[in-house]
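A lone chain, given as structure tokens: the form predicted on its own.
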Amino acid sequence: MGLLSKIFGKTPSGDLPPFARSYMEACRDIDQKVPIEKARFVVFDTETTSLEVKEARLLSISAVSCTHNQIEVSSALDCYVAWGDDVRPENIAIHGITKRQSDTGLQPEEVIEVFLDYIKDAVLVAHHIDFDISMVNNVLNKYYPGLKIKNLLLDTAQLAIRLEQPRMSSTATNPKDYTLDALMGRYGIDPLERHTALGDAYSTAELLIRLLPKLRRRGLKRVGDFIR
């Protein structure tokens, strides 16, 4: 077993393509002691055919990079996944993703390569991140068994609870108070194309840059102070 296999588990890195090995090596080098203002955060969102992870298929994935408390709009990532004839009318009604957009999208394995290259060396952020990570991991596992997301992870819903209710368990809070819509309203964020992956990634990034200064004021100044 090689060094990377020992570090990252069962995945034999020698069996992975170069882009995946490059991603894993970059994640291994993420420094948890880096100050918040110097860290690179990538905020992402997925649109899927269902909210049930086991049956859902990935329709699109988008991400924006944040550094120095600013959103880098010009480098945003916005990918549609080509699934052929599996795009159903009910999905179009929810997400507005048409068959034509899907047909012109990237193949799932191409989406993986583009996404991993974009997020390597970054702290990965999303609202209710467990669902989105599970969706990405499902696609990774389908094409490269054993390969999983290795970034440091940050959930903006959990971060908001921690900042607003520091003495309360997250399970004791009202989930309706920590939806993305509720937090956008509370922090004065104008909605931008809600229920599209790019629009929700951008709105979550706006929420993140409002929450990060609150961490610093509480003495949490380095990534490792609050990340899981």
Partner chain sequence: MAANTIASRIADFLKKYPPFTSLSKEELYRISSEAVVCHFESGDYVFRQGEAGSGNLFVVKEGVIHLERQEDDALVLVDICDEGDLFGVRAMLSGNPYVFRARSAEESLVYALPVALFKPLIENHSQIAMFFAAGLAGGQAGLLDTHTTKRFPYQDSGSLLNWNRPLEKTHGELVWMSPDKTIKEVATAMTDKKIGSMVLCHVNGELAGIVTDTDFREKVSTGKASIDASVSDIMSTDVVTMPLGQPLSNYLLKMLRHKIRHICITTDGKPIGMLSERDLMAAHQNHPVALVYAIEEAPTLQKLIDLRNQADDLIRFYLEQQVSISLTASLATHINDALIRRVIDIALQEVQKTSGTPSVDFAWISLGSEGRSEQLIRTDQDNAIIYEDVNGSTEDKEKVKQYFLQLGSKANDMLAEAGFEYCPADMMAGNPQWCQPLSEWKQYFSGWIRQPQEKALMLSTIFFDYRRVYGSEALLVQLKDHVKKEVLEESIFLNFLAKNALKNPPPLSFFKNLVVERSGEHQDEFDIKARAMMPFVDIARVLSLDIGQLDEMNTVARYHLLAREEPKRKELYHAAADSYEYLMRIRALNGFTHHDSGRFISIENLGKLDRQILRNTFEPIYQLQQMLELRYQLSYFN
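No experiment lies behind these values; they were computed from the predicted model shown. Numbering follows the first chain given and starts at 1.
Beyond what is shown, the protein has a form predicted in complex with its partner chain; the following relates to that form.
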| item | value |
| --- | --- |
| Three-residue site Pro17, Arg21 and Ala182 fully in contact with its partner chain in the predicted bound form at 4.5 Å by heavy atom | no |
| Candidate stretches 173 to 181, 50 to 58, 186 to 194, 33 to 41 - the one whose heavy atoms come within 4.5 Å of its partner chain in the predicted bound form | 186 to 194 |
| Touches its partner chain in the predicted bound form: Leu220 (any heavy atom, 4.5 Å) | no |
| 4.5 Å heavy atom contact, Ile119 to its partner chain in the predicted bound form | no |
| is_contact(Gln165, its partner chain) in the predicted bound form, heavy atom dist at most 4.5 Å | no |
| 4.5 Å heavy atom contact, Ala160 and its partner chain in the predicted bound form | no |
| Contact residue in the predicted bound form, from Leu140, Leu124, Ile71, Ile133 (heavy atom within 4.5 Å of its partner chain) | Ile71 |
| Contacts with its partner chain in the predicted bound form - residues in 200 to 220 whose heavy atoms fall within 4.5 Å | Tyr202, Glu206, Ile209, Arg210, Pro213, Lys214, Arg217 |
